[in-house]
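The chain below stands alone, shown as structure tokens; this is the form predicted alone.
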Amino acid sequence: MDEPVGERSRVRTVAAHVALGGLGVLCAFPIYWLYATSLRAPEDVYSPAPLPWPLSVQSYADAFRVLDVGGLLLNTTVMAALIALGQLLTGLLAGYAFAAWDFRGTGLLYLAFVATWLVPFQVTMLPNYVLLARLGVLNTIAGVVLPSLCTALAVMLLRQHVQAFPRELLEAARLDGRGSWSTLWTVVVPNLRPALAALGILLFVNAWNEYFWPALVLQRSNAVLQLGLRSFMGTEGNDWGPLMATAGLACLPVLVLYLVLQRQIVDGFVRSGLR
């Protein structure tokens, strides 16, 4: 006798959940090992034991002794927040213009804008560095932020969301006497909060994890947390305990941000394809 359709469906559902659970454990294991290593005693840092025992906070004490972790966290948060906010603002304005307005050359201009995403960072790195040197903002957080205030990714995603926005609401706002600027901030933006939250955390994480550009601009200092990790790397080997402790501290703000905005992030991705 054939297996009932409902029974097959339940088996597939259980199998799918087991597979997803296994993938989740596989993805989370490196993060667990990072914190497990940071909580081992210095003499046990190379231990393959899955559980760190006895627990020790010596690695964190060493990290705070070598680095001003609080100051580095503050600098990194300010840098990532400014970059994310700048990219959100420019992406919102450009995406709204491309989606809500019809003007000559819209498609060509949009393709040219998106094409900048295909330009390798190494091509624009030296011109940006020379410009920052002439402006006198090298070795400052502003020097890291200024060239990163616009990204084609934000424009593409927000243009897609604005295109999915009901045209009837935009027309009603115009008939109500609202200008384009007022329509954007009082009608469009309140309805794009999930999308803005999802994109904002993505941009924040990208900026938070950036290493090469801050290392180039801030070459004379460990002004952000990612550069502070270099303090535990040497030619004779790495000091893995404090290194893992500092890396673990660098992960915490991003994890907290995701937990706070989790619902908005899920809503943003779920609604991204709805019209």
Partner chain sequence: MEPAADHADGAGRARHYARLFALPDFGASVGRTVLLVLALLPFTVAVPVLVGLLARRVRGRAAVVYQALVFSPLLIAPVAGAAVWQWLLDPRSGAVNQVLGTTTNWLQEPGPAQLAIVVVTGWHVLGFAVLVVAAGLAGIDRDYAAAAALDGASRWQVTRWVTLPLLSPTLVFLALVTVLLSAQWSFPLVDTLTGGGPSGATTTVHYLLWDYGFGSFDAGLGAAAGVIFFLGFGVVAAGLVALSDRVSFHDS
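Source: prediction; values computed, not measured. Numbering follows the first chain given and starts at 1.
Quick note: we don't show the form predicted in complex with the partner chain, though the next part is all about it.
Heavy atoms of Thr77 never reach within 4.5 Å of the partner chain in the predicted bound form, leaving it off the interface. At a distance threshold of 4.5 angstroms between non-hydrogen atoms, Val205 is in contact with the partner chain in the predicted bound form. For Asn209, a non-hydrogen atom is located within 4.5 Å of the partner chain in the predicted bound form, even though that partner is not displayed. Interface membership of Leu157, defined by any non-hydrogen atom within 4.5 Å of the partner chain in the predicted bound form, is confirmed. Residues placing heavy atoms within 4.5 Å of the partner chain in the predicted bound form fall in a single listed stretch, namely 197 to 205, out of 197 to 205, 178 to 186, 139 to 147, 98 to 106.
Taking a 4.5 Å heavy atom cutoff to the partner chain in the predicted bound form, the contact residue among Ala81, Leu89, Leu153, Leu131 is Leu153. Contacts between stretch 27 to 58 and the partner chain, counted in the predicted bound form as any heavy atom lying within 4.5 Å, involve Cys27, Ala28, Phe29, Pro30, Ile31, Trp33, Leu34, Thr37, Val45, Tyr46, Pro48, listed in sequence order.
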